[in-house]
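Next comes just one chain, in structure tokens: the form predicted on its own.
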Amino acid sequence: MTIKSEKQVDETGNAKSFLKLADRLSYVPSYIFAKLDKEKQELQNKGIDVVDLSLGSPDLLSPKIVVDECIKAVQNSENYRYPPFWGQKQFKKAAADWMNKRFSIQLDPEHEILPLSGSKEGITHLAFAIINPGDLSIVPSPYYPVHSRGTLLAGGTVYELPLLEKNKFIPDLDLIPQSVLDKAKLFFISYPNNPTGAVCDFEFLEKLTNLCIKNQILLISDLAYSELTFDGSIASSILQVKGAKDIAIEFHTLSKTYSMAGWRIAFVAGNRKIIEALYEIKTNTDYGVCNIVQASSIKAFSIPFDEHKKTAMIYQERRDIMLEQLKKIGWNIPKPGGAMYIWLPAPPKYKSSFEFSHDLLHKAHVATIPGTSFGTYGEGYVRIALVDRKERLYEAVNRMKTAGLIYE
């Protein structure tokens, strides 16, 4: 049968598109950063040197023993097959052993650990496993975008819980309306925090866990920066809190601690039933993590924790340099306790974080991310990622000064 179609044109004479996108895409805010990223690339294509402090993509090298193991794994033809859906047993055991050594947490590798192609993938899939249309997630704001985007893509709604500078970017749990707690299905946290760099104490984790247990809310901890803490601070796992494993899971990634962002490897740990729900989604959407990457990453878990401290010291030194230089041009910012970012207030003359980030790019050739990319309460800030050499950080602030981009 031949289907006859009639070409339609719009008022300009161009053919109309018959493509109708899924409604769910309209629920998700577009990445404001995408426009600036395109402009950054256009500048670079013209040969302009841009100090790129936008993405939180580590510039440090992946560990040599991991790279060496990867070479061996590539030479093993068995690794060319599909990976097991549940993940390699050796990887799961190594991850569980790492959790035990780091946090004194006993986990069943078979049922309480699941490898992921990065924690972003896992968090998105989790939303599809848990959230029905109309369900609510509590997400502290500013946030790592996927904490809200997964829920929105699944048809849920998001309650943005303010993270305010006056509270050191720790949410006031007592201010959450009971009507929100009654409806909430998921509660996300991430400390050390992206984008603010804030850290929390164990008492906060205990209070939050008890709140979620009382209100039967699943608690999701994104602990991407567990080993990047400064000034003697040590991050805790939510799974260390008594009773947390009854309602919580935690995402860990090798992207930051081991500078393996491009390898796309992470794992989720904790409540067996939540992980099984995530697994059900993953079996219908992917084939698991590349065998070569899993086999290589096992070596990462064997690296002594003292090496992580050395990595953290590199970022702490960069933090201190950046804050010291920014202070010379008007900013006086409390030291973030972890992660790899400076959460920089926009000067009062700017009407939006996007406007300030735009000027940083075009007047100083320094790439950052506007705060609104991180939610409603990100407005008024830009995020600087400490992902370049010390010399480049000095250069970035010097360019800001020369361009008149100072805090006044």
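Note that residue numbering begins at 1 and tracks the sequence as displayed. Just so we're clear, the structure is a prediction, and the values are computed from it rather than from any experiment.
From this point on, the text means the form predicted together with a small molecule, which you will not see here.
J.: Would S255 count as a contact of the small molecule in the predicted complex, using a 4.5 angstroms cut-off between non-hydrogen atoms?
T.: Contact with the small molecule, yes.
J.: Does the 4.5 Å heavy atom contact test between E250 and the small molecule in the predicted complex come out positive?
T.: Heavy-atom contact with the small molecule at 4.5 Å: absent for E250.
J.: Quick one: does F169 come within 4.5 Å of the small molecule in the predicted complex, counting heavy atoms only?
T.: F169 lies outside the contact set for the small molecule.
J.: Using the partner position in the predicted complex, report whether K120 sits within 4.5 Å of the small molecule, counting heavy atoms only.
T.: Yes.
J.: Among the candidate residues S190, N271, T209, S226, which is the single one with a non-hydrogen atom no more than 4.5 Å from the small molecule in the predicted complex?
T.: Contact with the small molecule in the predicted complex is made by S190 alone.
J.: Scan S148, Q294, N194, S237 and let me know which has any heavy atom within 4.5 Å of the small molecule in the predicted complex.
T.: Spelling it out, the residue with a heavy atom inside the cut-off is N194.
J.: Sort through 278-286, 72-80, 258-266, 317-325 and report the only stretch with a non-hydrogen atom within 4.5 Å of the small molecule in the predicted complex.
T.: Checking each option against the 4.5 Å cut-off leaves 258-266.
J.: Taking Y144, D222 and Y341 as a possible spot, do all three reach the small molecule in the predicted complex with a heavy atom inside 4.5 Å?
T.: Checking in the predicted complex: Y144, D222 and Y341 are all within 4.5 Å of the small molecule.
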